[in-house]
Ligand SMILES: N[C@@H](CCC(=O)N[C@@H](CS)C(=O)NCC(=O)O)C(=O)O
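Okay, so here's just one chain, in C-alpha coordinates, the form predicted on its own.
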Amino acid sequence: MNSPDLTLVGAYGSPYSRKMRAVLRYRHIAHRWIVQNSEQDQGIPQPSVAIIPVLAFHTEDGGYSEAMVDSSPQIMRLEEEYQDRSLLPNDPVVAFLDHLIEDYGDEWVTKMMYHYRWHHLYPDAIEKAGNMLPLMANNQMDPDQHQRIKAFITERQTSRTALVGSTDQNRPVIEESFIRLLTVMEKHLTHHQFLLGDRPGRGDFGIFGQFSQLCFWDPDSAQIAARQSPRSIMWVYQVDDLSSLDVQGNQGWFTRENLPATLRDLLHEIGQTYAPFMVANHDALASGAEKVVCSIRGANYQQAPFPYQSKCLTWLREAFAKLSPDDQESVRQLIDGTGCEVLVADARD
(Lines give C-alpha, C1' and ligand atoms only; values in the text may rest on other atoms or scores of the structure.)
Protein backbone atom coordinates (compact mmCIF):
# COMPACT_ATOMS: atom_id res chain seq x y z
CA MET A 1 0.00 0.00 0.00
CA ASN A 2 1.36 3.42 -0.94
CA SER A 3 2.14 5.81 1.89
CA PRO A 4 -0.39 8.63 2.19
CA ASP A 5 0.71 12.18 1.44
CA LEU A 6 -0.64 13.63 4.67
CA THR A 7 -1.83 12.84 8.18
CA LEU A 8 -4.76 14.72 9.66
CA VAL A 9 -5.05 14.66 13.44
CA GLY A 10 -8.42 15.73 14.74
CA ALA A 11 -11.56 14.70 16.59
CA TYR A 12 -15.08 13.64 15.64
CA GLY A 13 -16.58 16.37 17.82
CA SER A 14 -14.40 19.10 16.31
CA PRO A 15 -16.05 21.10 13.49
CA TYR A 16 -12.73 22.17 12.01
CA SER A 17 -11.43 18.59 12.01
CA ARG A 18 -14.52 17.40 10.19
CA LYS A 19 -14.15 20.32 7.78
CA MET A 20 -10.61 19.38 6.82
CA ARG A 21 -11.32 15.66 6.60
CA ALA A 22 -14.14 16.43 4.16
CA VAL A 23 -11.81 18.68 2.11
CA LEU A 24 -9.23 15.91 1.80
CA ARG A 25 -11.88 13.38 0.82
CA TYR A 26 -13.34 15.66 -1.82
CA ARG A 27 -9.96 16.57 -3.28
CA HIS A 28 -8.82 12.92 -3.49
CA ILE A 29 -5.70 13.67 -1.43
CA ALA A 30 -4.33 10.49 0.13
CA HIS A 31 -4.25 10.87 3.89
CA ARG A 32 -4.42 9.16 7.26
CA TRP A 33 -7.10 10.24 9.72
CA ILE A 34 -5.97 9.98 13.33
CA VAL A 35 -8.04 10.87 16.38
CA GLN A 36 -6.18 13.13 18.77
CA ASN A 37 -4.76 11.36 21.85
CA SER A 38 -5.58 7.91 20.45
CA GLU A 39 -3.02 5.10 20.25
CA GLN A 40 -2.27 6.14 16.67
CA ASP A 41 -1.44 9.72 17.68
CA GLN A 42 2.31 9.14 17.93
CA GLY A 43 5.30 10.87 16.39
CA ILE A 44 3.37 13.75 14.82
CA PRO A 45 5.37 17.01 14.79
CA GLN A 46 4.04 19.44 17.36
CA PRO A 47 2.79 22.71 15.85
CA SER A 48 3.44 26.02 17.55
CA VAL A 49 -0.17 26.23 18.77
CA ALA A 50 -1.79 23.21 20.44
CA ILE A 51 -5.09 23.14 18.53
CA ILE A 52 -6.74 20.76 16.09
CA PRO A 53 -6.86 19.78 13.36
CA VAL A 54 -3.16 19.24 12.77
CA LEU A 55 -2.15 18.65 9.15
CA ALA A 56 1.19 16.84 8.97
CA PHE A 57 3.14 16.54 5.71
CA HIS A 58 5.04 13.35 4.95
CA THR A 59 8.57 12.90 3.68
CA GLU A 60 9.44 10.36 0.99
CA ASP A 61 10.66 7.87 3.59
CA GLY A 62 7.34 7.99 5.47
CA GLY A 63 8.40 10.44 8.15
CA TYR A 64 7.09 13.94 8.69
CA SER A 65 8.52 17.17 7.35
CA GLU A 66 6.24 19.64 9.14
CA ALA A 67 2.84 20.14 10.68
CA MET A 68 0.45 23.08 10.56
CA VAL A 69 -2.82 24.13 12.18
CA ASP A 70 -5.71 26.45 11.24
CA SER A 71 -8.11 25.12 8.64
CA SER A 72 -8.17 28.15 6.32
CA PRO A 73 -4.39 28.30 5.82
CA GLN A 74 -4.43 24.51 5.54
CA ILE A 75 -6.88 24.75 2.64
CA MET A 76 -4.76 27.36 0.87
CA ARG A 77 -1.59 25.31 1.37
CA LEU A 78 -3.31 22.35 -0.26
CA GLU A 79 -4.30 24.59 -3.16
CA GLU A 80 -0.60 25.36 -3.70
CA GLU A 81 0.42 21.70 -3.73
CA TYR A 82 -2.52 19.96 -5.44
CA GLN A 83 -4.24 21.13 -8.61
CA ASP A 84 -7.13 18.74 -9.15
CA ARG A 85 -10.61 19.43 -7.77
CA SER A 86 -9.73 22.92 -6.57
CA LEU A 87 -11.92 24.75 -4.06
CA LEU A 88 -11.14 28.16 -5.58
CA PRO A 89 -13.59 29.59 -8.14
CA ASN A 90 -11.89 30.88 -11.28
CA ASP A 91 -13.80 34.17 -11.13
CA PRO A 92 -11.85 36.26 -8.57
CA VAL A 93 -15.03 38.06 -7.48
CA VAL A 94 -16.78 34.78 -6.71
CA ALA A 95 -13.60 33.52 -5.05
CA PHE A 96 -13.63 36.53 -2.72
CA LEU A 97 -17.25 35.87 -1.78
CA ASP A 98 -16.30 32.25 -1.15
CA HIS A 99 -13.54 33.41 1.22
CA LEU A 100 -16.07 35.60 3.02
CA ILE A 101 -18.57 32.75 3.42
CA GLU A 102 -15.89 30.39 4.75
CA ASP A 103 -14.83 32.92 7.37
CA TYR A 104 -18.47 33.49 8.35
CA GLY A 105 -18.77 29.75 8.98
CA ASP A 106 -15.52 29.58 10.90
CA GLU A 107 -15.96 32.71 13.02
CA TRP A 108 -19.72 33.28 13.42
CA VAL A 109 -21.52 29.97 12.89
CA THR A 110 -19.06 28.50 15.36
CA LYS A 111 -20.73 30.64 18.03
CA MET A 112 -23.96 28.77 17.34
CA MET A 113 -22.15 25.45 17.67
CA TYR A 114 -20.52 26.31 20.99
CA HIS A 115 -23.75 27.82 22.30
CA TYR A 116 -25.93 24.79 21.58
CA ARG A 117 -23.34 22.45 23.09
CA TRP A 118 -22.33 24.26 26.27
CA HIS A 119 -24.88 26.96 27.23
CA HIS A 120 -26.34 26.28 30.66
CA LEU A 121 -29.92 26.22 29.33
CA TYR A 122 -29.10 23.09 27.29
CA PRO A 123 -28.29 20.48 29.98
CA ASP A 124 -28.95 17.52 27.67
CA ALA A 125 -26.36 18.83 25.23
CA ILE A 126 -23.84 19.40 28.02
CA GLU A 127 -24.41 15.88 29.33
CA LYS A 128 -24.07 14.32 25.89
CA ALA A 129 -20.88 16.20 25.03
CA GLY A 130 -19.36 15.50 28.42
CA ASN A 131 -20.09 11.79 28.04
CA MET A 132 -18.97 11.35 24.45
CA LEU A 133 -15.98 13.63 23.95
CA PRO A 134 -13.62 11.66 26.23
CA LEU A 135 -14.41 8.40 24.43
CA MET A 136 -13.35 9.64 20.98
CA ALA A 137 -9.72 8.81 21.69
CA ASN A 138 -10.39 5.55 23.53
CA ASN A 139 -13.76 3.86 23.52
CA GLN A 140 -12.44 1.27 26.00
CA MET A 141 -11.51 3.92 28.56
CA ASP A 142 -11.72 2.89 32.21
CA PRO A 143 -15.06 4.12 33.66
CA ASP A 144 -13.39 6.05 36.49
CA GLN A 145 -11.06 7.79 34.08
CA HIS A 146 -14.01 8.52 31.81
CA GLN A 147 -15.85 10.27 34.64
CA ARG A 148 -12.78 12.31 35.59
CA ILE A 149 -12.20 13.50 32.02
CA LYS A 150 -15.91 14.16 31.55
CA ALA A 151 -15.93 16.41 34.63
CA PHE A 152 -12.77 18.22 33.49
CA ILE A 153 -14.03 18.88 29.94
CA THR A 154 -17.48 19.93 31.08
CA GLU A 155 -16.15 22.40 33.65
CA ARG A 156 -13.62 23.86 31.25
CA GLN A 157 -16.01 24.30 28.34
CA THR A 158 -19.01 25.61 30.26
CA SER A 159 -16.74 28.18 31.96
CA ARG A 160 -15.71 29.53 28.54
CA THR A 161 -19.13 30.24 27.06
CA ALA A 162 -18.97 33.97 27.70
CA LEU A 163 -15.62 34.20 25.89
CA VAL A 164 -17.30 33.19 22.63
CA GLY A 165 -20.45 35.22 23.24
CA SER A 166 -22.76 32.48 24.51
CA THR A 167 -24.46 34.44 27.29
CA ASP A 168 -28.06 34.90 28.35
CA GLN A 169 -27.98 38.41 26.90
CA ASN A 170 -26.64 37.25 23.53
CA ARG A 171 -28.77 34.14 23.36
CA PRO A 172 -31.53 35.64 21.13
CA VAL A 173 -28.94 36.99 18.69
CA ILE A 174 -27.19 33.63 18.29
CA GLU A 175 -30.30 31.48 18.18
CA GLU A 176 -32.26 33.71 15.80
CA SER A 177 -29.22 33.83 13.52
CA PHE A 178 -29.19 30.03 13.44
CA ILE A 179 -32.86 29.91 12.44
CA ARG A 180 -32.35 32.49 9.68
CA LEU A 181 -29.29 30.67 8.34
CA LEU A 182 -31.24 27.41 8.18
CA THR A 183 -34.06 29.21 6.36
CA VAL A 184 -31.62 30.64 3.81
CA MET A 185 -29.94 27.27 3.34
CA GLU A 186 -33.26 25.51 2.82
CA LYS A 187 -34.24 27.93 0.05
CA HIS A 188 -30.84 27.81 -1.61
CA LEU A 189 -30.46 24.03 -1.48
CA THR A 190 -33.89 23.61 -3.05
CA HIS A 191 -32.33 24.70 -6.36
CA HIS A 192 -28.54 24.36 -5.96
CA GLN A 193 -26.34 21.51 -4.75
CA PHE A 194 -23.68 23.78 -3.27
CA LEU A 195 -23.35 27.41 -2.24
CA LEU A 196 -21.58 28.56 -5.40
CA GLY A 197 -22.81 26.16 -8.02
CA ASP A 198 -22.39 22.50 -8.89
CA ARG A 199 -19.22 22.01 -6.87
CA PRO A 200 -18.19 22.91 -3.32
CA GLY A 201 -15.96 25.83 -2.37
CA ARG A 202 -14.28 26.96 0.81
CA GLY A 203 -17.57 28.38 2.04
CA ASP A 204 -19.34 25.03 1.80
CA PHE A 205 -16.73 23.38 3.98
CA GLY A 206 -16.68 26.30 6.41
CA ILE A 207 -20.40 26.03 7.10
CA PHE A 208 -20.33 22.22 6.85
CA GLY A 209 -17.83 21.94 9.68
CA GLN A 210 -20.11 23.74 12.11
CA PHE A 211 -23.25 22.02 10.77
CA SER A 212 -21.59 18.60 11.23
CA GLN A 213 -22.02 19.28 14.93
CA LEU A 214 -25.14 21.47 14.98
CA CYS A 215 -27.16 19.10 12.80
CA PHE A 216 -26.06 15.78 14.32
CA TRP A 217 -24.06 15.96 17.53
CA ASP A 218 -25.86 18.51 19.68
CA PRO A 219 -29.45 17.42 20.43
CA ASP A 220 -31.28 20.75 20.68
CA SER A 221 -29.77 22.30 17.54
CA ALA A 222 -30.22 19.01 15.65
CA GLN A 223 -33.96 19.04 16.36
CA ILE A 224 -34.21 22.65 15.22
CA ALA A 225 -32.27 21.90 12.04
CA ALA A 226 -34.41 18.87 11.19
CA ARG A 227 -37.58 20.96 11.49
CA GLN A 228 -36.27 24.09 9.81
CA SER A 229 -34.10 22.73 7.02
CA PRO A 230 -34.15 19.02 6.17
CA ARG A 231 -32.16 19.83 3.04
CA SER A 232 -29.33 21.12 5.21
CA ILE A 233 -29.27 17.80 7.01
CA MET A 234 -28.90 15.91 3.75
CA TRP A 235 -26.33 18.43 2.48
CA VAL A 236 -24.18 17.73 5.55
CA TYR A 237 -24.36 13.98 4.85
CA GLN A 238 -23.25 14.66 1.28
CA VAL A 239 -20.45 17.13 1.98
CA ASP A 240 -18.90 14.82 4.57
CA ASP A 241 -17.67 12.61 1.72
CA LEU A 242 -17.76 14.07 -1.79
CA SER A 243 -15.08 11.76 -3.15
CA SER A 244 -17.50 10.41 -5.77
CA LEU A 245 -18.62 13.83 -7.04
CA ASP A 246 -17.79 14.24 -10.73
CA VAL A 247 -15.89 17.50 -11.29
CA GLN A 248 -14.74 18.68 -14.72
CA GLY A 249 -11.66 20.91 -14.71
CA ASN A 250 -12.56 24.27 -13.22
CA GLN A 251 -16.16 24.23 -14.40
CA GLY A 252 -19.31 24.29 -12.34
CA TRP A 253 -19.06 27.62 -10.53
CA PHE A 254 -21.50 30.49 -10.58
CA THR A 255 -20.13 33.64 -12.19
CA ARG A 256 -20.54 37.17 -10.89
CA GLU A 257 -23.29 37.71 -13.47
CA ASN A 258 -25.46 34.74 -12.49
CA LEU A 259 -25.41 34.61 -8.69
CA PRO A 260 -28.84 33.48 -7.47
CA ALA A 261 -31.02 35.57 -5.18
CA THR A 262 -30.61 32.98 -2.43
CA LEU A 263 -26.87 33.69 -2.33
CA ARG A 264 -27.62 37.35 -1.79
CA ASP A 265 -29.90 36.27 1.06
CA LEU A 266 -26.91 34.51 2.60
CA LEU A 267 -24.73 37.59 2.13
CA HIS A 268 -27.42 39.67 3.82
CA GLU A 269 -27.43 37.33 6.82
CA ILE A 270 -23.64 37.54 6.95
CA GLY A 271 -23.80 41.32 6.72
CA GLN A 272 -26.30 41.61 9.56
CA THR A 273 -24.42 39.38 12.05
CA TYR A 274 -20.82 38.44 11.30
CA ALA A 275 -19.92 41.77 9.67
CA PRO A 276 -20.80 44.16 12.53
CA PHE A 277 -19.27 41.79 15.06
CA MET A 278 -15.98 41.41 13.15
CA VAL A 279 -15.58 45.16 12.70
CA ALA A 280 -16.48 45.89 16.34
CA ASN A 281 -14.05 43.21 17.52
CA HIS A 282 -11.29 44.68 15.35
CA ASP A 283 -11.97 48.19 16.64
CA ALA A 284 -12.12 47.03 20.27
CA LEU A 285 -8.70 45.43 20.02
CA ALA A 286 -7.27 48.48 18.27
CA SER A 287 -8.55 50.80 21.01
CA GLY A 288 -7.74 48.51 23.93
CA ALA A 289 -11.38 48.19 24.95
CA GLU A 290 -12.27 45.41 27.38
CA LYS A 291 -15.50 44.54 25.57
CA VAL A 292 -16.78 44.22 22.05
CA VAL A 293 -20.09 46.07 21.88
CA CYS A 294 -22.15 46.22 18.70
CA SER A 295 -25.70 46.24 17.41
CA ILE A 296 -26.82 43.11 15.61
CA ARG A 297 -30.25 43.49 14.02
CA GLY A 298 -31.16 46.04 16.68
CA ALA A 299 -29.97 43.93 19.63
CA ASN A 300 -27.03 44.81 21.85
CA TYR A 301 -24.31 42.18 21.51
CA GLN A 302 -21.31 42.03 23.85
CA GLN A 303 -18.36 39.75 24.45
CA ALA A 304 -14.64 39.89 25.14
CA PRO A 305 -12.39 40.84 22.20
CA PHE A 306 -10.85 37.94 20.32
CA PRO A 307 -7.47 38.61 18.60
CA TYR A 308 -7.67 35.79 16.07
CA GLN A 309 -10.89 37.15 14.58
CA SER A 310 -9.21 40.51 14.08
CA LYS A 311 -6.53 38.67 12.11
CA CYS A 312 -9.27 37.05 9.99
CA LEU A 313 -10.71 40.46 9.12
CA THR A 314 -7.25 41.68 8.16
CA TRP A 315 -6.79 38.66 5.87
CA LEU A 316 -10.17 39.31 4.26
CA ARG A 317 -9.32 42.95 3.65
CA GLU A 318 -5.93 42.01 2.24
CA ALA A 319 -7.63 39.61 -0.18
CA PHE A 320 -9.96 42.38 -1.29
CA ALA A 321 -7.06 44.81 -1.75
CA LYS A 322 -5.35 42.33 -4.08
CA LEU A 323 -8.32 42.35 -6.47
CA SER A 324 -8.16 44.53 -9.55
CA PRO A 325 -10.10 47.83 -9.37
CA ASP A 326 -12.80 46.40 -11.66
CA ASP A 327 -13.15 43.29 -9.52
CA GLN A 328 -13.29 45.39 -6.36
CA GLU A 329 -16.11 47.41 -7.87
CA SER A 330 -17.95 44.21 -8.79
CA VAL A 331 -17.66 42.97 -5.22
CA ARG A 332 -18.93 46.28 -3.90
CA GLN A 333 -21.93 46.13 -6.22
CA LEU A 334 -22.76 42.57 -5.19
CA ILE A 335 -22.59 43.27 -1.44
CA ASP A 336 -24.21 46.70 -1.61
CA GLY A 337 -27.11 46.82 0.84
CA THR A 338 -26.24 43.53 2.56
CA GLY A 339 -24.28 45.00 5.44
CA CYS A 340 -21.06 43.37 4.27
CA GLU A 341 -19.82 46.73 2.96
CA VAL A 342 -18.18 47.49 6.31
CA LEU A 343 -15.86 44.53 5.88
CA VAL A 344 -14.04 46.16 2.97
CA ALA A 345 -14.64 49.82 3.80
CA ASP A 346 -11.09 50.26 5.08
CA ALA A 347 -9.40 48.05 2.51
CA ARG A 348 -6.93 49.86 0.30
CA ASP A 349 -7.45 49.65 -3.44
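Note that residue numbering follows the sequence shown and begins at 1. It should be emphasised that the depicted structure is a prediction, and the values quoted were computed from it without experimental measurement.
Beyond the structure shown, there is the form predicted together with the named molecule, which is absent from this document and is the topic of what follows.
Enquirer: Counting heavy atoms only and using a 4.5 Å cut-off, do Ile126, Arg148 and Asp218 all touch the named molecule in the model of the complex?
Expert: No, because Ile126, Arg148 and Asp218 lack any heavy atom that approaches the named molecule to within 4.5 Å in the model of the complex.
Enquirer: Is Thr273 near the named molecule? Define near as a heavy atom within 4.5 Å, in the model of the complex.
Expert: Output for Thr273 is no: heavy atoms all beyond 4.5 Å of the named molecule.
Enquirer: Would you check, heavy atoms only and a 4.5 Å threshold, whether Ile52 touches the named molecule in the model of the complex?
Expert: Yes, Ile52 sits close enough to the named molecule in the model of the complex that at least one of its heavy atoms falls within 4.5 Å.
Enquirer: Is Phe57 near the named molecule? Define near as a heavy atom within 4.5 Å, in the model of the complex.
Expert: Because no heavy atom of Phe57 falls inside 4.5 Å of the named molecule in the model of the complex, the answer is no.
Enquirer: So in the model of the complex, is the named molecule close enough to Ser14 to count as touching (4.5 Å, heavy atoms)?
Expert: Within the cut-off, so yes.
Enquirer: Using a 4.5 Å heavy atom cut-off, which stretch among 137-145, 70-78, 163-171, 194-202 contacts the named molecule in the model of the complex?
Expert: Heavy-atom contact with the partner occurs in 70-78.
Enquirer: So which bits of 250-276 sit within 4.5 Å of the named molecule in the model of the complex, heavy atoms only?
Expert: Read in sequence order, no residue approaches the named molecule (within 4.5 Å, in the model of the complex).
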